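Okay, so here's just one chain, in structure tokens, the form predicted alone.
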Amino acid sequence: MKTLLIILLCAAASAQAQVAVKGGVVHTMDGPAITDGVVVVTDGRIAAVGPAATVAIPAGYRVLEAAVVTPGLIDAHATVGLSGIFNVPADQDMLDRAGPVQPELRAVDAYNPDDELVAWLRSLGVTTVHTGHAPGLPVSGQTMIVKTRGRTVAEALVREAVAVAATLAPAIGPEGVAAPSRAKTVALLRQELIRAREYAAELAATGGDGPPPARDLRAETMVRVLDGELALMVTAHRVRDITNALRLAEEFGLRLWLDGAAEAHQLLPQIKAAGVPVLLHPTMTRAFGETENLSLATAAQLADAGIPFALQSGYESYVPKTRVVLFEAAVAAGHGLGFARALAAVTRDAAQLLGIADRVGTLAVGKDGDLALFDGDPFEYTSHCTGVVIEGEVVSQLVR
């Protein structure tokens, strides 16, 4: 009986992964859009994509139809899954104020794939999220990449550790402690990098002959940053904070991601010369305080300058605790970015920036079967996301 149950479950899972999607227009992001196109997903991967006249749908496949089909959307930076829907201490794991510098905190240990906000983003076409500890502390913790499905972290996981989140704007202090100044924040980060360099030297000096230094999770994590294994994602909005981040990256040879970057439009030549990508603030971020000089046209300016960038939902301190990259991209499209570049910023370009373009971001044979289905232009206010497929599984479908 137990063996029969396993066989039936496996058969059901296999059937879920056999899907064909017909689209009036299919934006593959791997070439020109296809009119009257078809995407066939077999065992979770794209098996065929092309015009309906040339792509045969195998017998027995579940068939979905939509006016417009795109790759599953990618949120280039969020805190969803750590910032929960109820906005109570029990589901707010994005910031631990026990100390100002905590790179050892792992997003994978705090992520809740079952949070309703994850399902909400999924219903709007978001299939992949780079999420983790929030900006605010000088070093708040690590980030990860997940698919917006699964009841466990293991089911959702794409990459366990991607970056370490730091903040160079005036940071939040630990409970009961005043926030550090800009100079102090930079000094804290520099000291941590120097300490990690010394720790790595101690490890190398043992040469296998002597006892290694005591395990230090904080130093080990920052060594991974120094080695380029993990990016250093620095939230910096003001010109002086962005230039501080660029200077630190050059000093230590870091793989830097600029996060937020509200005043990036004032430093386009410097950012381009540094070869640093930008995880741009949500287009509709409120313009006050550190972000008072943001521009709705920054995405277009970054694209025109040839600077790699992607759009994000970011971290929101108020309910519902997350934005939606679909809406942020739509507004950017209307402020100079245009449809094609806006869609790329939440699909292909986001995947390339995050280092996951081998799996997602475009509709191409061999890639994950992640698709978003719409009943009209995805960036039109009156359009709806009518279905979502993740690795061949229909995880969301609008019923009218």
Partner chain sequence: MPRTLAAAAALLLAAAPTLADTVAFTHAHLITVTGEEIPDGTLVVKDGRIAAVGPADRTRIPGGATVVDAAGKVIMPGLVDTHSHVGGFRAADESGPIQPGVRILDAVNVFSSGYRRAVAGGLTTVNVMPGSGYLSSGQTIYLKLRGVKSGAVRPEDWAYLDKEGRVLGGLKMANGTNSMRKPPFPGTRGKSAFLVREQFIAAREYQAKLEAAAGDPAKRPPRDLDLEILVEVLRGERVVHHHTHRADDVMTVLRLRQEFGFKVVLHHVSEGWKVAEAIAEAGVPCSIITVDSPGGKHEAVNLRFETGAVLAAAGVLVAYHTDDWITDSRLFLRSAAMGLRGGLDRTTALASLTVNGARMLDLDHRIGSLEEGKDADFVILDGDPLSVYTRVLETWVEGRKVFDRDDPDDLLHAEGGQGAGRDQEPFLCCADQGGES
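Residue numbers count along the first chain shown, from 1. Note that the coordinates shown come from a computational prediction; the quantities given were computed from them, not determined experimentally.
Omitted from view is the form predicted in complex with its partner chain, to which the following refers.
- Proximity to its partner chain in the model of the complex, taken as heavy atoms within 4.5 Å, picks out 280-288 from the listed stretches 150-158, 134-142, 96-104, 280-288.
- Here is the short version: of 324, 256, 242, 163, the single residue with a heavy atom within 4.5 Å of its partner chain in the model of the complex is 324.
- Checking 224, 184, 218, 265 against its partner chain in the model of the complex, a heavy atom within 4.5 Å turns up for just one residue: 265.
- Remark: residue 45 does not count among the residues lining its partner chain in the model of the complex, judged by a heavy atom distance of 4.5 Å or less.
- With a 4.5 Å cutoff on heavy atoms, residue 231 does not count as touching its partner chain in the model of the complex; it lies far away.
- Mapping the unseen interface onto this chain, residue 177 falls outside it, with no heavy atom inside 4.5 Å of its partner chain in the model of the complex.
- Interface membership of residue 333, defined by any non-hydrogen atom within 4.5 Å of its partner chain in the model of the complex, is confirmed.
- Of all the residues from 375-400, those having a non-hydrogen atom no more than 4.5 Å from its partner chain in the model of the complex are 377, 379, 380, 381, 382, 383, 384, 385, 400.
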